[in-house]
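Shown below, as structure tokens, is a lone chain in the form predicted on its own; questions about how it binds or moves come after it.
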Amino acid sequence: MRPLTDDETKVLFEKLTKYIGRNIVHLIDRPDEPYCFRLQKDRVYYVSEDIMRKATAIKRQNLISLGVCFGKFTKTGKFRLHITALPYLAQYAKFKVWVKPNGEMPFLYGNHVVKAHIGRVTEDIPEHQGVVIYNMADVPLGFGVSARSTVDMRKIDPTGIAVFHQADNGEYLREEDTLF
């Protein structure tokens, strides 16, 4: 477990900024206790500094996980967010898309969100911006990237892709055997 380098921090914050914008400050400067990001075996964990200090007593090879896994760095140096980061993304999300009940299951099976499944969206979503997907009861289902801006979403046909799928709560079941 080690702190992120400057380059790794920059890549992580750029990815988080796509989804939560300037609210990234709220992740680090929390009123209850300070939190930080730590790297363990190419995975980035969000952990309180108190628990991080206590975990230094454990050998690196024996430490499996620490805090909440936000994602991992690929071999090419890019950062991929995991679904475990959803509660924090949903809490501070700038742009949101709500899907109708008939669109929940297709999204949870890993499909993109089409216009016919959209119940409502926040205004002024730019193209290729990170969005959090909710059901109509305001339960976060996952996150993705907008395929079109809000204005263009209204103009496409009902089968046109509005949001590209990135991660959803169904991944817990689909990738159950590959988690460890």
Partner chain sequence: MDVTGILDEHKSRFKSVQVDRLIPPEIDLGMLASFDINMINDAKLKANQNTRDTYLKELSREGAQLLINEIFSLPTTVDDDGIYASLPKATTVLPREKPVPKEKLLTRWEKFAKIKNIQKRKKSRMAFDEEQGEWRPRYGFKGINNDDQKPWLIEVPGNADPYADQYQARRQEKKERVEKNKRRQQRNAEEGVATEKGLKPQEMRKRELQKALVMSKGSTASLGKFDEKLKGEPKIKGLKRKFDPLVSTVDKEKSKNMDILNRVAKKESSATVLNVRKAQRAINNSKRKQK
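This one's a predicted model, so the numbers in the text were calculated from it and none came from an experiment. Numbering follows the first chain given and starts at 1.
Below: the form predicted together with its partner chain, not depicted.
S.K.: Using a 4.5 Å cut on heavy atoms, which of Lys155, Arg120, Lys41, Arg53 is close to its partner chain in the predicted bound form?
M.R.: None of the others qualify; the residue that does is Arg53.
S.K.: Check, residue by residue, if Phe107, Ala116 and Asn135 all come within 4.5 Å of its partner chain in the predicted bound form, counting heavy atoms only.
M.R.: The answer is no; none of Phe107, Ala116 and Asn135 reaches its partner chain.
S.K.: With heavy atoms only and a cut-off of 4.5 Å, decide whether Cys36 touches its partner chain in the predicted bound form.
M.R.: Flag for Cys36 set to yes.
S.K.: Does its partner chain get within 4.5 angstroms of any non-hydrogen atom of Val139 in the predicted bound form?
M.R.: Contact with its partner chain, no.
S.K.: Does Glu49 make contact with its partner chain in the predicted bound form, using a 4.5 Å heavy atom cut-off?
M.R.: Yes.
S.K.: Taking heavy atoms and a 4.5 Å cut-off, does Glu127 contact its partner chain in the predicted bound form?
M.R.: No, no contact at 4.5 Å.
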